[in-house]
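One chain is shown next in structure tokens, namely the form predicted on its own.
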């Protein structure tokens, strides 16, 4: 398949449509007053901003808060342009509407190498996909795109609201709008008069929405770029925050389930009598698989504990299905076989990599591996549903409310406009809550006990053994050096299953197609290192294991492959790893600045006895991150003592949140680097709970320092970018400490 055909085919538009529709102006994302209905005497100014009777500014946030800070960062964008203090802002979860669709998550999914981003094909593709995104109600929180997507529309919403406040005040004063301004949440006249927002409610109802609005230049920012307290913290500290598991409704019942333990297995028989004999048990239901979920048996009772105890009484007979003999070793052998036998799809080629390798004076070659990984969110999967009078109401911690509504409607057999979705706070997402397999289960149970609402909550064991796992992957890395030790060639081939086709089959089957998936090779084909000859290919190898998006997706393992191999090439060239990378970034000043800042702050190479430094640089989700890990050994185990992290994420809306997210990403990635592994035996996932799927403890967490490179570029992502570099930084440090190259995750010296 030609690359151009693949990209345009993925967009799914014919040439006629591109000409006829693509040239039209993009749809506005400002929305109207009706998009955000006024409540309790409030007045809506557009689809993002409402003024309450007491003068509070209500900001509709269309992204899910799962600890990453969107309930603070996104309102800051509105507050900056509206000229109100953040303390005057209250957050409200946005309804489902096309103006809230995540355009950036679609645009950033296009598979272009940085060298191609300014080409005609890239610009045309981005334009068309962005326009398409404005037509869809794809409300998704993922891809580290929340701030990137909101950067312009939410600032425009704030600026438009400011213009309306000025128009309303001018009308009340019978003054010229040019004589009025907004500052610190108050509208002021040049002569000293002022009006609080609550005093403008009546007049605001008569003011039309403005046309073009002026956005502040960066030098006028008073809020963006400065640390600000998180708006979601007080409710979390006082226990008033409502996560999915906290939902309580009148007459609510509770459900627990047990799904088929083998991948691809089915239910044969179940005798419900032993469970129904227990006091408080209402019903035993069998659930077929939907949205990728496994067949299951569920118990509905007056409490979750009663339902869970009743499950233990059931005599369930499973048909283990066609994958009963599957194991991790079998899967690895098949992937390694594909690595040697298939050419794969070429995502990027510059020069002639194979020819350059043949004439290289020195060749470096290595094979790297990464296992399946679970998400292990703090809050297990759950969903509350009420089905009554032909309508369905859902309460769920989800990253995809619009997808959830579609899947829930399909499960209930009703139109999507008869489904109400209430998004709660998420007790961790990491990509797991992009999935909606638990939603049809809750819908069917609600239908069984209608009109009573029912809350389905998975046990930790069900959550671990029925995840959509980070794909396992293998990669063959080859590099060439010339007679002076200078890099000549970079040739990679990787093998893994593909997430996007699987995800579409689960959620939108009509759109599913086995096209090349950028997430399989991101972090390998799109890094900025300036090798004269490059060739990056991927072999998609389908397996029965359910896979899904995992924090930083393909970057999570491809950064390990790439940055460890860069270190191997530096060692072969007898160059310092920092200097070797610096020479490969001659035309990339931003990357060099991040690399050099991390090295300087860590005092690169200056460590005490029994310790060593390792470095990794990686670009993902629009941000550049370098990390230096300081490593020691203790009783044969790797101990990470300190991590120094530098980042260029463009404009940092809230630097404190940036630092928090990098720390979070490092801890998440370090857990995976040192311990993370899902293994399969006899068609079953072997890990069931935290004793078998170990987490990094507070006592083992290193000291983490974060340094931001000042930048006036638009915001990049921060939620996932801290995760990819930590595994290679640690592995490289282990090599410098012990002389051993660890090329398989998790990192184990005894392996």
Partner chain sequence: MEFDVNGRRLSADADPDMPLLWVLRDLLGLTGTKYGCGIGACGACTVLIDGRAVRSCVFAARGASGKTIRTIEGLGAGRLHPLQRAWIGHQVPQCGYCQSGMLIAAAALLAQNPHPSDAEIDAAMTNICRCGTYPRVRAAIHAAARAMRDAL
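Being a predicted model, the structure only gives us computed values, none of them experimental. Numbering follows the first chain given and starts at 1.
Although not depicted, the form predicted in complex with its partner chain is the subject of the following passage.
A.B. asks: Could you tell me which stretch in 556 to 564, 173 to 181, 590 to 598, 373 to 381 has residues with non-hydrogen atoms within 4.5 Å of its partner chain in the predicted complex?
C.D. replies: Of the stretches listed, the one contacting the partner is 373 to 381.
A.B. asks: Which listed residue (254, 580, 112, 395) meets the criterion of a heavy atom within 4.5 Å of its partner chain in the predicted complex?
C.D. replies: Exactly one listed residue reaches within 4.5 Å, namely 254.
A.B. asks: With its partner chain left out of view, which of 277, 361, 513, 237 would have a heavy atom within 4.5 Å of it in the predicted complex?
C.D. replies: In short, 237.
A.B. asks: Is residue 28 close enough to its partner chain in the predicted complex to count, meaning some heavy atom within 4.5 Å?
C.D. replies: Judged by the heavy-atom cut-off of 4.5 Å, residue 28 is well away from its partner chain in the predicted complex.
A.B. asks: Closest heavy atom of residue 486 to its partner chain in the predicted complex, within 4.5 Å or not?
C.D. replies: The answer is no: residue 486 has no heavy atom within 4.5 Å of its partner chain.
A.B. asks: Is there a non-hydrogen atom of residue 55 within 4.5 angstroms of a non-hydrogen atom of its partner chain in the predicted complex?
C.D. replies: No, residue 55 sits far enough from its partner chain in the predicted complex that none of its heavy atoms falls within 4.5 Å.
A.B. asks: Flag residue 612 as yes or no: does it have a non-hydrogen atom within 4.5 angstroms of any non-hydrogen atom of its partner chain in the predicted complex?
C.D. replies: Contact check for residue 612: no, nothing within 4.5 Å of its partner chain in the predicted complex.
A.B. asks: With the partner absent here, would 664, 689 and 695 each sit within 4.5 Å of its partner chain in the predicted complex, counting heavy atoms only?
C.D. replies: Yes, all three are in contact.
A.B. asks: Could you list the residues in 303 to 319 that come within 4.5 Å of its partner chain in the predicted complex, counting only heavy atoms and keeping sequence order?
C.D. replies: Heavy-atom contacts to its partner chain in the predicted complex: 303, 304, 305, 306, 309.
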